[in-house]
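Only one chain is given next, in structure tokens, and it is the form predicted alone.
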């Protein structure tokens, strides 16, 4: 218990977890009264897995019609969302869907969240950025196929605006899925690179939310129903368990893709991380990673990974006791508590290296002359910069970026 906490916790309406759990979904949706759905996915799942066809047939037997949209793409854009809205509405021919299903990784789930807003009236997604204005989106059912993004438990959708190559957030607790169904069997065929990127994304969510701004200090802007509210004892509980599972299973899932125990462990780790960051929020790792992605177009997991050790290093003073907790989970010891805490960023960087992800910005393809622009872009993500629990956010961001380019950690001798 932390008496100072101001807890505002909004998990999905229903959480279903288990191998083969996807087979329960048609009967559950029929029991809840749903009759016409739109399934949002991509061509891989329609062309190379039986899952979409199996679901449609089972749903039909329960009296549910399902229109499939399989135009999902990595890092979906606002343009893609608007085009998908027009295409689906034309195919519906005036029929009104009563739910949307997302099958895929974070990109497909983000697109489905956006479509749950745009499909009822055909409005462009730009009309909902920032504040959805009291709109009630269609109920969303999320079926994640990777163990990493946690979009099945969060209040937002991230889309790329091609006009200026920046990511925009559509954010509201109404966008949290009504049902999050986590079937680890969906992840069994993930290739090693996707497994590593998703796994380190889950770990980043867990450790970053564990160390982020306290709920009592989090700026809520007078909103009685905020999406993110800072860390609390409740979110930290989920983060601890997620980190423990990541340390146990992440590298094993990457190295031994057919290890079902590791796959299941990471499915739980991803969900627990989402239940933590989905209320606590994040800070500098994601804030700077968005800017790195804008310059390099690398994957979300790897851009988080390259920044993570250096942000952790910057938090060793303000989050000393938490770093010692993490050190204990990792089995790290040092000569003094300070030395032990500073071994955490070093050990995390070594873990990232074992996932074959570059561990400094130079090897990531960033030139020194790009660092000023990188820092400015990162600070521009103000909702994440404000959550960094340090006094001098601007100066800290600059030191983090310089250290990440040089590959410099204080715990290395």
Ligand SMILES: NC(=O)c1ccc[n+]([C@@H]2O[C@H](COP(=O)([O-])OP(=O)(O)OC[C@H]3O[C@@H](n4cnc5c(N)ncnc54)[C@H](O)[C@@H]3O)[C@@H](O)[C@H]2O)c1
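Numbering follows the first chain given and starts at 1. Bear in mind that the values here come from a model prediction, so they are computed numbers and not experimental data.
What comes next is about the form predicted in complex with the ligand, which is not displayed.
The shortest heavy atom separation between residue 117 and the ligand in the model of the complex exceeds 4.5 Å. Taking non-hydrogen atoms only, residue 107 approaches the ligand to within 4.5 angstroms in the model of the complex. Among residues of the shown chain, residue 316 is not one whose heavy atoms approach the ligand to within 4.5 Å in the model of the complex.
Although the partner is absent from this view, residue 154 contacts the ligand in the model of the complex, with a non-hydrogen atom inside 4.5 angstroms.
Contact annotation: the ligand lies within 4.5 Å of heavy atoms from the stretch 68 to 76 in the model of the complex, the single such stretch among 68 to 76, 88 to 96, 330 to 338, 232 to 240. 167 is the sole member of 252, 167, 320, 220 with a non-hydrogen atom lying within 4.5 angstroms of the ligand in the model of the complex. When the ligand is considered in the model of the complex, only one residue from 45, 34, 364, 55 comes within 4.5 Å through any heavy atom, namely 45. Against the ligand in the model of the complex, the set 158, 189 and 201 is in full contact: each member has a heavy atom within 4.5 Å. Residue 300 is the only one in 293 to 332 with at least one heavy atom within 4.5 Å of the ligand in the model of the complex.
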